[in-house]
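What follows is one chain in structure tokens, specifically the form predicted on its own.
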């Protein structure tokens, strides 16, 4: 693939991401994506024959981009507490850069759960699970975290990061009453949420 083709594909990805996030898969139109990308519809179909193929490519790229940020979680030289701080810092930063993504994914899960399951089939969640248990067995024991309670803790951690963006519209309305800036709040949350979880598991 030439540099021009790579650039065109990147422009298409960016345009498609915006349209999919705003309109969902069912509401998105290839013409709208082509218009936002500044290309004609025929060229868009040259790169991606169907809307489904484009959606899968965009979703996969976003997932890869997000999971690539978390490769340090598998490093042995980081403590469990450091990994929790790292997760919140990187994940919330990613959400700040893609604020509509949580709502978009939740909407697609509700409309077509099998599609999302298919797109996530290559994500090895069990590897993350087993890595944490293997690398941090002593810390987990010290914090009284078992294999049975670990799923609760991990989903709680993700929820603390995702929820403000999934419910951004509601939160912003509530914050207006107190003069709280949402962007400032999410920036502070990187530290607050991490320390909240650490205090909870070490208490």
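Numbering follows the first chain given and starts at 1. Predicted model, so just to flag it, every value in this text is computed and none were measured. The term rigid core refers to the most C-alpha atoms you can superpose between the two forms while keeping them within 1.5 Å.
Missing here is the form predicted in complex with another copy of the chain; even so, the following discussion is about that form.
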| property | result |
| --- | --- |
| Three-residue site 34, 42 and 61 fully in contact with another copy of the chain in the predicted bound form at 4.5 Å by heavy atom | no |
| Residue 80, heavy atom within 4.5 angstroms of another copy of the chain in the predicted bound form | no |
| Contact of residue 71 with another copy of the chain in the predicted bound form (heavy atom, 4.5 Å) | no |
| In the predicted bound form, residue 175 touching another copy of the chain (heavy atom, 4.5 Å) | yes |
| Heavy atom of residue 46 within 4.5 Å of another copy of the chain in the predicted bound form | no |
| Contact set, 25-47 vs another copy of the chain in the predicted bound form - heavy atom within 4.5 angstroms | 26, 27 |
| Rigid core superposed: residue 130 CA moves 2 Å or more between this form and the one not shown | yes |
| Core-superposed C-alpha of residue 63 shifting 2 Å or more between this form and the one not shown | yes |
| Residue 168: Cα shift of 2 Å or greater between this form and the one not shown (core-aligned) | no |
| Direction of Cα pair change residue 113-residue 66 in the predicted bound form, magnitude 3 angstroms or more | closer |
| Closer or farther in the predicted bound form: C-alpha pair residue 67, residue 78 (3 angstroms or more) | farther |
